[in-house]
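The chain below stands alone and is given as structure tokens, in the form predicted alone.
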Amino acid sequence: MELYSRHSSLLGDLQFDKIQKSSVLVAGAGGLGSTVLNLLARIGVGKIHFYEYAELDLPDINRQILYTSDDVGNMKCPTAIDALKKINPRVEIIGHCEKITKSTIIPSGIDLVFDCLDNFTSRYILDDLLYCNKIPMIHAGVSQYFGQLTTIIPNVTKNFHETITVDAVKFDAKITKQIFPPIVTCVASIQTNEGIKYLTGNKDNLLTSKILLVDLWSNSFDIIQL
């Protein structure tokens, strides 16, 4: 298919077929999430679920690449659905216009989840929903010029709460909203790449039991072995 001709042959027929048959979930369609969703749609992942409940504010435009200034004041979820269908009408886009809570039921058949949330309280809730159901997760977080990534696979790694342990309430209260746009697209691209490696079975090079730390301002990429 011409739409995928620049990367399908690079990946190989078998690997690309796995991608097209995959079903993923993106938690959040903000900074990280909008880039991850954009890339997943362009790569050709077969079915893409995502959760998002917020309204688009003007400061969001600096890094949330699915949206434009014309979308300010609109709800992100339906706006993202429309944008993704325009990018690639061949993939199935399912938007869940709601917040992820302890009572959320993860859709059946999900192969992989991308954690694109912006606070630890929500991340720990997501972790509880996924780990007990043996659903793997690619975590990413960004702030200012910095980012972090790790891959959580049940029965292979510890859960997210044990991998990165903080007092969620206190940590979230101190979160700064200052963020440099390039760190978001950089980390989201790595997060997407990590997900594609998992979906295609290239599991030897994953960030399992490791945390990748990115400091874009100093051009440093460090991996901490856990």
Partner chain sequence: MSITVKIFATLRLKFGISELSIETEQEINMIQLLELVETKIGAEIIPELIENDEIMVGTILLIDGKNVLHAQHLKTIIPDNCVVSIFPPVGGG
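Numbering follows the first chain given and starts at 1. Computed from a predicted model, the values in this text were never measured in an experiment.
Keep in mind the form predicted in complex with its partner chain is missing from the figure; the text below concerns it.
A.B. asks: D167 versus its partner chain, in the model of the complex: is there a non-hydrogen atom within 4.5 Å?
C.D. replies: Result yes; D167 sits at the interface with its partner chain in the model of the complex.
A.B. asks: Taking 4.5 angstroms as the cut-off for heavy atoms, does I211 touch its partner chain in the model of the complex?
C.D. replies: Judged by the heavy-atom cut-off of 4.5 Å, I211 is in contact with its partner chain in the model of the complex.
A.B. asks: Even though the partner isn't displayed, in the model of the complex is S5 close enough to its partner chain, meaning a heavy atom within 4.5 Å?
C.D. replies: Contact check for S5: no, nothing within 4.5 Å of its partner chain in the model of the complex.
A.B. asks: Is it the case that P136, even though its partner is missing from this view, gets within 4.5 Å of its partner chain in the model of the complex, heavy atoms only?
C.D. replies: So P136 does not count as contacting its partner chain.
A.B. asks: Does its partner chain, in the model of the complex, lie within 4.5 angstroms of each residue among G44, F114 and D204, using heavy atoms as the measure?
C.D. replies: No, the whole trio is out of contact, none within 4.5 Å by any heavy atom.
A.B. asks: Among 193-201, 173-181, 36-44, 65-73, which stretch sits within 4.5 Å of its partner chain in the model of the complex, heavy atoms only?
C.D. replies: Partner-contacting stretch among the options: 173-181.
A.B. asks: With its partner chain taken in the model of the complex, which residues across 142-157 come within 4.5 angstroms through any non-hydrogen atom?
C.D. replies: Read in sequence order, the residues that approach its partner chain (within 4.5 Å, in the model of the complex) are V142, S143, Q144, Y145, F146, G147, Q148.
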